[in-house]
Every structure is written in C-alpha cells, then in structure tokens.
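Okay, so here's just one chain, in structure tokens, the form predicted alone.
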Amino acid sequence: MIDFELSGEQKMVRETVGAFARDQVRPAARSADESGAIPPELVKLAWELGLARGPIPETLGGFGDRRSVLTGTLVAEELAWGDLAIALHVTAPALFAFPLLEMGTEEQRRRFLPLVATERFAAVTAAAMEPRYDFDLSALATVASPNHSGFTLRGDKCCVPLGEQAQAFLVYARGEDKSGGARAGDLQGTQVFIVARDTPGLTVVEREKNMGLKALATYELKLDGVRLAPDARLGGEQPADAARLVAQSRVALAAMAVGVSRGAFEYARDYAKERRAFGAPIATKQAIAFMLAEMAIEIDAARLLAWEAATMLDKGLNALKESSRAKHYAAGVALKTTDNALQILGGHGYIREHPVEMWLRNARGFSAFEGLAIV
C-alpha cells in the first residue's frame, strides 16, 4: 500500500511554490501569452527557488538538496497551475541537469553540472520530440551511429525549449547495434547524448509557431552528421536508463496537466458561484453542479496516478507503465476540464478577458508532449 501523506518539508515546498505561482506566475501569464515572451525578472525569481540547482552537490556549486520525484511532482503541479508555458520555461534546465545528476559519469557531472549551478538562469535543455506524425520515443528517427572516434548523430528535433539560447543539449537518439542496424521498438535502444551548442552539424532553426504555449519559445534542431566523442553519451560505456528518464518526464507532464486542470476548475467554480441566472447562481443548476463535481473527481484521480508513479520512482522501481498511464489519463482530464470550464463561462469563456481559452489551447498539447519536463 502506498502512503500519500506528504512530509513537513514537502508541504512547505508545495506552499512556497504555490505562493510563487499565485503571486508572480498567474498575474504574468496573459501578457506573456500575448507578447510571446516571459519577463526576465520573473525567470530570475523562479531561478532563485532552486528548482534545477537545488539537487546539485555543493562541491559543484549547487545546494546539495535531496532529490525526490514526488516533491518535484508537487512543484510541477503548482507551477503549471500558475501558467503552463512559464512552468515549462523555468524548469527546462532540469531537463539537462537531472539526467546528468542521476546517470552521468563522474567526469560528465563534474564538467557539465556547473553550467546549471550558477546564480543566473542556465540556458541548457533537452531535445526529445521529432517533427513527424508517428513520433515514438522507442523508435526514434534520429540515429546515433558508432564510428571509429565516437558517434555520429543525424535527424531532426522539434519543440525544444530554450533552443536559441541553450549552451548545451541532451539529445535523445536511437542507437545502432554492432551490425549497423538501428535498434527500435523499445526504450533499450534509446540513448542520450550531450551536445554542445557550437558542435559542427548542429543547427537551431527558427522559432516554432504553436497553437498554445505562446510564451514558451520552442525551436527545431537539425543534426546533420554531428560527430561526438565516446564520452558524449550519457552514462559513458553504460548508457543511461532511457526508460527511467521517460518515466520521470511523463510524471512531470502528468503533474503539469493536473495543475492546468485544477486552475481551470477553480476558475469555473468561482465564476459559477458569482454568475447569476434566473435569480440564482448558475452553480446551483444541476447541469453545472454535476459538471463541476465530475471535474473535481477526475483531477483528484489524475493526481493520485501521478503520485503513485512518482512514489515508485523514488523507490527505484520501474514505473514506465504507471507513468505512461498517469500522463495519458491526465492529458485527457486537462482537455476535458478546460473545455468544460469554457462551457461554464459561456460566451465569456471564448474571449480573452478570461484565461480559460488560453488554458484550453495549452491543454490541447498534452496528448502530444514528450520530454518537455522532468522531475
């Protein structure tokens, strides 16, 4: 039986990040969406929370905090409650730092983690998604071919946060076996590589234009014969456990979907209590009341699925199935909840005076998102 009682430290982290999301992130969300840019001062404040730097050892410039996937899940939900685009931006450096921290060689950690352990926001990230309809992390089109001096990467990536300013990337690719054939069909064939921005053959394409997440700058990458040394593979001779990294990412995305859902539910609930029709608040109408009740139930269910997978990961267990289930369910809940919230607001839900239409646009992407966050 899994105990979901949070520790005192976890409750404090949740309250601290929740207050930041309420006081700083949520008020900035609409203007960031309209302008397509996140205020640098907000990014600075978020960085001071130590979201990516905290677990890095003090010897490498971090705070030496104990890393917990469940605690990270709480943080992800609160930040996404404030705004999904801002949450993905300020946590993007963790996409680079956390895999290195857990699975990098001693030399890789010593060399690259100081990039994140700085007082200023660290522009490092990861590239997992690919611009094709049948994208699958267990059968990537980006291939890492071994050669006499290391590896050669070829392929295209999309939805890479911080792409234009990033100093380094973690690139997910499909490894080849000794016969030269590409290994596909399971995550054992997926490998991760550290690629510096100035590596020949790496090109950052212009910023993408997306339906949602307009404040989050994402880019395509082109990898045209990028040659890497053997020590560029995360984990060195023992490749990193890609399945565990994917599970951690899917838990993070599930938690963020819960955060978006919770924000939409609370906004619609409060609106329904204040909006009156035929002499009574619309929240007293059975159709609205039942819709709100169902939204609340599904949000709690999605959260518990995310917490279950996070707890398993904290215990060192294989949680790929549980994390995938949590992400799939939470993605559906986010889309349904934001759409229901828009319906409850009626005509007000469709106009930009209210944030619900923005949340619906953002929530629509969860079914496709992979590798955009990690806990």
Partner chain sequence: MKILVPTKRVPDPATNIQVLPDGLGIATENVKWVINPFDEIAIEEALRIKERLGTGEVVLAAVGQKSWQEQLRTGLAMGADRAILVLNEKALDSIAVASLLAKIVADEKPELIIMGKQAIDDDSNQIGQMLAEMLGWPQATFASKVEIKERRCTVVREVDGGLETLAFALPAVITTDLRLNEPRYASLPGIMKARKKELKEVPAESLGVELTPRLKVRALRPPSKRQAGRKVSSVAELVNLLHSEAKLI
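Numbering follows the first chain given and starts at 1. For clarity, every value in this text was computed on a predicted model and none was experimentally measured.
The following text describes the form predicted in complex with its partner chain, which does not appear among the structures shown.
- [ ] Answer with one of D65, E308, D314, D339: the residue that has a non-hydrogen atom within 4.5 Å of its partner chain in the predicted bound form.
- [x] Contact residue from the list: D65.
Task: Proximity to its partner chain in the predicted bound form (heavy atom, within 4.5 Å), stretch among 314-322, 57-65, 341-349, 32-40 - done: It is 57-65 that comes within 4.5 Å of the partner.
Task: in the predicted bound form, E9 touching its partner chain (heavy atom, 4.5 Å) - done: Output for E9 is yes: heavy atoms within 4.5 Å of its partner chain.
Task: 4.5 angstroms heavy atom contact with its partner chain in the predicted bound form for L360 - done: No - in the predicted bound form, heavy atoms of L360 and its partner chain never come within 4.5 Å of each other.
Open item on the list: How about L49 - does it come within 4.5 Å of its partner chain in the predicted bound form, if we only consider non-hydrogen atoms?
Closed with: Heavy-atom contact with its partner chain at 4.5 Å: present for L49.
TODO: Considering only heavy atoms, tell me if E353 and its partner chain come within 4.5 Å of each other in the predicted bound form.
DONE: Taking the distances in the predicted bound form, the answer for E353 is no, it never comes within 4.5 Å of its partner chain.
Task: Partner contacts for 14-29, taking its partner chain in the predicted bound form and a 4.5 Å heavy atom cut-off - done: Contacting residues: E15, T16, V17, A19, F20, D23, Q24.
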